[in-house]
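Okay, so here's just one chain, in structure tokens, the form predicted alone.
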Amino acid sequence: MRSPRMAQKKKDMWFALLLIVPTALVLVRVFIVPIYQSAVWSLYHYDLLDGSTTRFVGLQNYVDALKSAAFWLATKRTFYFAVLTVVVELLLGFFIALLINQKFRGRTFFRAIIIIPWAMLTLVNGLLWDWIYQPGFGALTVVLHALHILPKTDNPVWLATSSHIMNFVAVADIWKMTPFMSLILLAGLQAIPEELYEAAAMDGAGFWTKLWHVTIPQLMPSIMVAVVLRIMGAFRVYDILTVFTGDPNTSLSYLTFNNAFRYFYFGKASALAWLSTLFILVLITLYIRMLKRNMEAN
């Protein structure tokens, strides 16, 4: 025979499950269904414009993508962009987090203004940097002329080639996303017990010894979270590229968007999206394994 307490507990459990049903349904409709739909479409010839019937083609869309020169060019540029931006953002973010974690007058003010670039819309950020890079009147050219680094007669077109564009886009992305990296690392720094630094100081440890043997090992979980989030973000870069270039081969996301919403090749676009997801998973898995191995070695 069940006790009244057990019956009440079961009733509370069913009531709690009932409360989360609407949210669960929304999550299924917003996340699970599109993922399932794109997985199915990637196995079909699905072209809205050629008038042919949608038919099952197996892995042909994946094979076509892997044989495509445009796919490998976009993949190479995406990897380059991801590695460059994540490494620089991590180093700069760590330095800024260390700085604003110190006690000094105006620390709250600096912590507040540092998030301004991150709070800006990506499109606004792209337009701002597109103006900076403009030849003639752009801020970059004007400053270089004023500092006599660039002769007055030189007026370079900074965004002339795709390879240069990726570097300039990386600078804009670093400017915007470094605050995000700083905030995550700052939260990790503030969670480190002060007793660890006091014990290290009693052993005669200096700044660099504390940094290497206390701060960085304690900060590893925060670094892992920050880098994983930024790898996913860098691999999905699209919006800022639309401001700087019309070349669809500049990133995998841009190539996928063009196939889906400009040419309406939904089957090919779905295959490209899954290949991009696979690259992200492989990269993150390798990074986490490498980090765990280093943590165990230390």
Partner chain sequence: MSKAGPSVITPGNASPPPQQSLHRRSIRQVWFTPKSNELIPKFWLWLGLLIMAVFTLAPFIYLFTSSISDTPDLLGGRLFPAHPTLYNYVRLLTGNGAGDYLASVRNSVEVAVMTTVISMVIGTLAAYAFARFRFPLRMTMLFGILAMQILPSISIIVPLYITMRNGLSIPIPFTHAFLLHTGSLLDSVWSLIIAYTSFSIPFVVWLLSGYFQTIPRELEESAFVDGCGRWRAMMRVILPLSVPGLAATAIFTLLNAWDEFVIANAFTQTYASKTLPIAIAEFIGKHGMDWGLMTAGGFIGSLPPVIIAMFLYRYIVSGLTVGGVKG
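Residue numbers count along the first chain shown, from 1. C-alpha atoms forming the largest set that superposes within 1.5 Å between two forms make up the rigid core. Everything numeric here is computed off the predicted structure, so don't read it as measured data.
Missing here is the form predicted in complex with its partner chain; even so, the following discussion is about that form.
Screening 157, 100, 90, 83 for any heavy atom within 4.5 Å of its partner chain in the model of the complex leaves a single hit, 100.
In the model of the complex, every residue of the candidate spot (132, 137 and 280) has a heavy atom lying within 4.5 Å of its partner chain.
In the model of the complex, its partner chain sits within 4.5 Å of a heavy atom belonging to residue 206. Its partner chain in the model of the complex comes within 4.5 Å of no heavy atom belonging to residue 72. Under a 4.5 angstroms non-hydrogen atom cutoff, its partner chain in the model of the complex has residue 260 among its neighbouring residues. In the model of the complex, its partner chain stays beyond 4.5 Å of every heavy atom belonging to residue 166. Scanning 103-128 for heavy atoms within 4.5 Å of its partner chain in the model of the complex gives 103, 104, 105, 108, 110, 111, 112, 113, 114, 115, 116, 117, 118, 119, 120, 121, 122, 123, 124, 127, 128 in sequence order.
Once both forms are fitted on their rigid core, the CA atom of residue 286 lies 2 Å or more apart between the shown form and the other one.
Superposed on the core, the two forms differ at residue 196: its CA moves 2 Å or more between the shown form and the other one. Relative to the shown form, the Cα atoms of residue 285 and residue 88 move apart by 3 Å or more in the model of the complex.
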